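Here we start with a single chain on its own, the form predicted alone, put down as structure tokens.
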Amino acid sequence: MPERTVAWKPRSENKVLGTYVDRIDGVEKATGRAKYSTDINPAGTLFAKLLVSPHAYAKIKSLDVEPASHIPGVRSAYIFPGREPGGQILFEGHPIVAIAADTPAQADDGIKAIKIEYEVLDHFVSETDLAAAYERGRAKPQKTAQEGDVGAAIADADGTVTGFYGIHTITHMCLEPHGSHCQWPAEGELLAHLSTQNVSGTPNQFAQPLGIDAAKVTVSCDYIGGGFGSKFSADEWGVACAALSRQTGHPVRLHLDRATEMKIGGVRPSGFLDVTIACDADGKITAWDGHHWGTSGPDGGTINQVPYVIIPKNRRVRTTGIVTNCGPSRAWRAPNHPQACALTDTVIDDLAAEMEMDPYDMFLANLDLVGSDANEKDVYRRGIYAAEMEVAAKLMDWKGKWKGRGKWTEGNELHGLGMALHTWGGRAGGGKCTVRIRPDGTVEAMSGTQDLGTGTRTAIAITLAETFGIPVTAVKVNIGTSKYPACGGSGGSTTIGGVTGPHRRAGLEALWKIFDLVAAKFKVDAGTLTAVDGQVLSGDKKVCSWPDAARLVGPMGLEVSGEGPKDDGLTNDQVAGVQMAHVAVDPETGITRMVKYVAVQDIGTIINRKAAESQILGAMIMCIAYALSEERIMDDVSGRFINANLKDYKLPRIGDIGELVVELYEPDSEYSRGVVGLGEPPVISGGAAISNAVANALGKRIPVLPLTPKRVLDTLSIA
């Protein structure tokens, strides 16, 4: 019998894998039948609301929740640990008390009845003012590192640029806010319908503070209205919800309101940079001397990975974090990478302008600075970048359209092109599954993973449909509860590799067992058998139908387990990507219009082409948001997040998008690598590409993102 391997089929033999497949849960979502945690509402459910701090920095002098108990409908109060009298408030929106009541209005009334006094302290919320941060004792030097002789390289350079660059904090904006519905079906047993991207990982986060056995906690999340890195935790308000449910004996629902969601649900940290970069006469970058800083909130962390992708041999890197009284950071789709790219590729673009070079040529000339010569994957990525740049340039007609800075005007608009590069790991996450083959030929899968809306259910169904040669509709996929085999959280672009690998392995193990039964019954060589289009074939000859083969497993069916990741070629890591933007800027209004936006991306083996393209389109829209309008605005005087609402926190609408072009780069060399994650990569380089396009249009750099109309007009007014 030939050796059996788990490898994906050759691309030419795939019937489902890599094709355009509709999401199997699309109808449920479109019709409203899909139930999110906010839709769970059994009889007797109480509604919880939060008392949160109106101050950025304070101590709690006194706290009396007893008056709330006299409000009709109020059932219980929960004081957050550390928020008792003497406790400290570190940012506006910090939760203090949760009240559960029969109706949301009664819970609000209960919150208003609480008596609390604060000792207001001297806050600090500035992200850009490094000098003030040092003066106020809010600066935390984190790293100083040097490679090579930076001073000599700058002194010998043929071109240098010295400047300030930055990218402001943005906040998570999940359509479904953070929260849960909790109830206790039996003594010591908790059921939490949690909006989470970490189904298997959150039971213990409830169990430990509540003092119960994690095995008696069930976390359920059939659907989630957005996570993007912010929903890995049960969170202290999730624990509050469970505690209120236990105190009252009722189910309790607690979801953050929009303003609180924006203040405490997590932000992407800011990044700012003072830098000198140098190159020789051919545009080869020879030195980088930079100091970058920013804030992730009260812990004072900041971004790393600067410079990004293209790493000069001679470099000095200094990093400072700023401790601020702002809401804390959380992972936000490609943590650190969008900021690092925005702070690096804009500098490179300015150096190209200084040398009067096409930035395409400068990026191309410096691809040997990607990674290490000794690292095989780094060398591979250099070639991928070059190939993807060529593809993107053709889609954009870069060489036909390119003009130097400030040299392209059409009507009353200033036009420009910009580009940037990005990378991501995308390795497969850990996960387990159970695959069950029923005697009628239907296939069922169970896995404690979750679907962020990116098509996890569909990817699992495609994997098993391709493995067994059956339609996607013949596969039932069960996910979204911690009672199923444990899987990792959905972050780091790890999910699709993390679920397809185990399901492929389990599916093939089951298939091989069935082939052995078919071979024995029909007297054929099991090594010649394949499952295609609902039939079992030996070569080109039909042996039996798939249902006939499945019946051989007996009335109890067949159940097989799978796990991963494993080093068997089904998954891989490390991708490259190129994005290019064409913008038009109105110099009278300062409004930037997206004309065309191109993304070229490799992701190894593509499971669902339709979902992959959709994932990139969504990422491109997010790039447009943080490049042109999205920004958390803090008031230095009050310490408040003053645009924490859907009206003033500016996100793009359909008319702001322009033409989006997605190209999945998948030559045979990429297909053969196995699945690599896609969630993060395409959201990285768009900010830098759009900033570079605007600089090309205006003839000068707007130093920080987002490129709001005011910043455009301010830059144009500078002589």
Partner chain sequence: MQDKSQPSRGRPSFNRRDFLKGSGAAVAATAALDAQREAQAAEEKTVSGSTKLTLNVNGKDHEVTVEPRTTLLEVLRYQLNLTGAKDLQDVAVDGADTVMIDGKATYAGTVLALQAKGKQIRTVESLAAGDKLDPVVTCFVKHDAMQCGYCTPGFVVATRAFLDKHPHATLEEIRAGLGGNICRCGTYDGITKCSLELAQKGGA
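Here the structure is a predicted model, which is why all the values come from computation and not from measurement. Positions refer to the first chain, counted from 1.
A second form of this protein, the form predicted together with its partner chain, is not displayed here; the remarks below concern that form.
Next item on the list: Quick one: find which of 670 to 678, 51 to 59, 64 to 72, 686 to 694 has residues within 4.5 Å of its partner chain in the model of the complex by heavy atom distance.
Entry: Heavy-atom contact with the partner occurs in 64 to 72.
Notebook entry, point to check: Of the options His292, Arg505, His172, His123, which one has a non-hydrogen atom that comes within 4.5 Å of its partner chain in the model of the complex?
Noted result: The residue from His292, Arg505, His172, His123 that makes the contact is His172.
Next item on the list: Check each of Asp586, Asp280, Glu559, Asp102 and return the one that places a heavy atom within 4.5 angstroms of its partner chain in the model of the complex.
Entry: Exactly one residue meets the criterion: Asp102.
Check: Should the three residues Ala34, Thr248 and Asn645 be counted as contacting its partner chain in the model of the complex, with contact defined as a heavy atom within 4.5 Å for each?
Finding: Yes, each of Ala34, Thr248 and Asn645 comes within 4.5 Å of its partner chain in the model of the complex.
Note to self: Can you tell me whether Gly569 touches its partner chain? I mean in the model of the complex, with a 4.5 angstroms heavy atom cut-off.
What the structure shows: Gly569: no contact with its partner chain in the model of the complex.
Margin query: Can you tell me whether Glu666 touches its partner chain? I mean in the model of the complex, with a 4.5 angstroms heavy atom cut-off.
Written below: No, Glu666 stays farther than 4.5 Å from its partner chain in the model of the complex.
Note to self: Please determine whether Pro81 contacts its partner chain in the model of the complex, using a 4.5 Å cut-off between heavy atoms.
What the structure shows: The answer is yes: Pro81 has a heavy atom within 4.5 Å of its partner chain.
Note to self: So, Gly453 and its partner chain: in the model of the complex, are they within 4.5 Å at any heavy atom pair?
What the structure shows: It does: once its partner chain is placed as it appears in the model of the complex, Gly453 has a heavy atom within 4.5 Å of it.
Next item on the list: Sequence order please: the residues of 217 to 248 with a heavy atom within 4.5 Å of its partner chain in the model of the complex.
Entry: Heavy-atom contacts to its partner chain in the model of the complex: Ile224, Gly225, Gly226, Phe228, Val239, Ala243, Leu244, Arg246, Gln247, Thr248.
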